[in-house]
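The chain below stands alone, shown as structure tokens; this is the form predicted on its own.
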């Protein structure tokens, strides 16, 4: 299968490709979560949900593997270094009690994936303690076991967890495509810069494309 992308067309086989959905959690997307406590406008991230839902539905119909990630820490915060928890001056820190439970703690209501993109049986759900999806998780082994060579990325935020995960994937030999309208940042100019960095110098990290050509290819 081939789709138009930047910097040149992206080719993949659904059977050897996984859709990786990064951190579409209530804590980042919904009001009252961690993203908002950092002073961000979460409506910017919420705006991509319909496009993400369309891609997820089409990918499921095509029978492709789906991976969901959540940035999450153990209740005792043993996997959250002080250098991460104490950074900046948020109104709430990781582990603090917020409107949707303890911030970024496994099992808390706010740590769950938003209902519109909720996982279904058979899909991989990984809790990751860092920015990247491969750090301290079994993701690489799971993908290798499934014969996956290509990854389609969507989720938040573009310049932090999404780009970090794509760079980790690139170093492990995966060909990666980021769906431009299925990712967002609290800072739109950061998203624009990240897209340029990812596809620079002949797809040095990966490809980027809007979701429309992917949806058309899957329908065909």
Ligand code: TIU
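Because the structure is predicted, anything quoted here is derived from the model rather than measured. Numbering follows the first chain given and starts at 1.
Beyond the structure shown, there is the form predicted in complex with tricarbonodiimidic diamide, which is absent from this document and is the topic of what follows.
Can you pick the stretch from 21-29, 192-200, 205-213, 5-13 whose heavy atoms fall within 4.5 Å of tricarbonodiimidic diamide in the predicted bound form? Going by heavy atoms within 4.5 Å, the stretch is 21-29.
Quick one: from 102, 131, 150, 93, grab the residue that has a heavy atom within 4.5 Å of tricarbonodiimidic diamide in the predicted bound form. It is 131.
Heavy atom within 4.5 Å of tricarbonodiimidic diamide in the predicted bound form - the one residue of 47, 62, 38, 54 that qualifies: Spelling it out, the residue with a heavy atom inside the cut-off is 38.
Even though tricarbonodiimidic diamide is not shown here, does residue 183 get within 4.5 Å of it in the predicted bound form, heavy atoms only? It does not: once tricarbonodiimidic diamide is placed as it appears in the predicted bound form, residue 183 has no heavy atom within 4.5 Å of it.
Can you tell me whether residue 156 touches tricarbonodiimidic diamide? I mean in the predicted bound form, with a 4.5 angstroms heavy atom cut-off. Taking the distances in the predicted bound form, the answer for residue 156 is yes, it comes within 4.5 Å of tricarbonodiimidic diamide.
With the partner left out here, check for me: in the predicted bound form, does some heavy atom of residue 71 sit within 4.5 Å of tricarbonodiimidic diamide? Residue 71: yes, in contact with tricarbonodiimidic diamide in the predicted bound form.
Using the partner position in the predicted bound form, report whether residue 161 sits within 4.5 Å of tricarbonodiimidic diamide, counting heavy atoms only. It does: once tricarbonodiimidic diamide is placed as it appears in the predicted bound form, residue 161 has a heavy atom within 4.5 Å of it.
Going by tricarbonodiimidic diamide in the predicted bound form, which residues of 97-124 come within 4.5 Å of it through any heavy atom? Read in sequence order, no residue approaches tricarbonodiimidic diamide (within 4.5 Å, in the predicted bound form).
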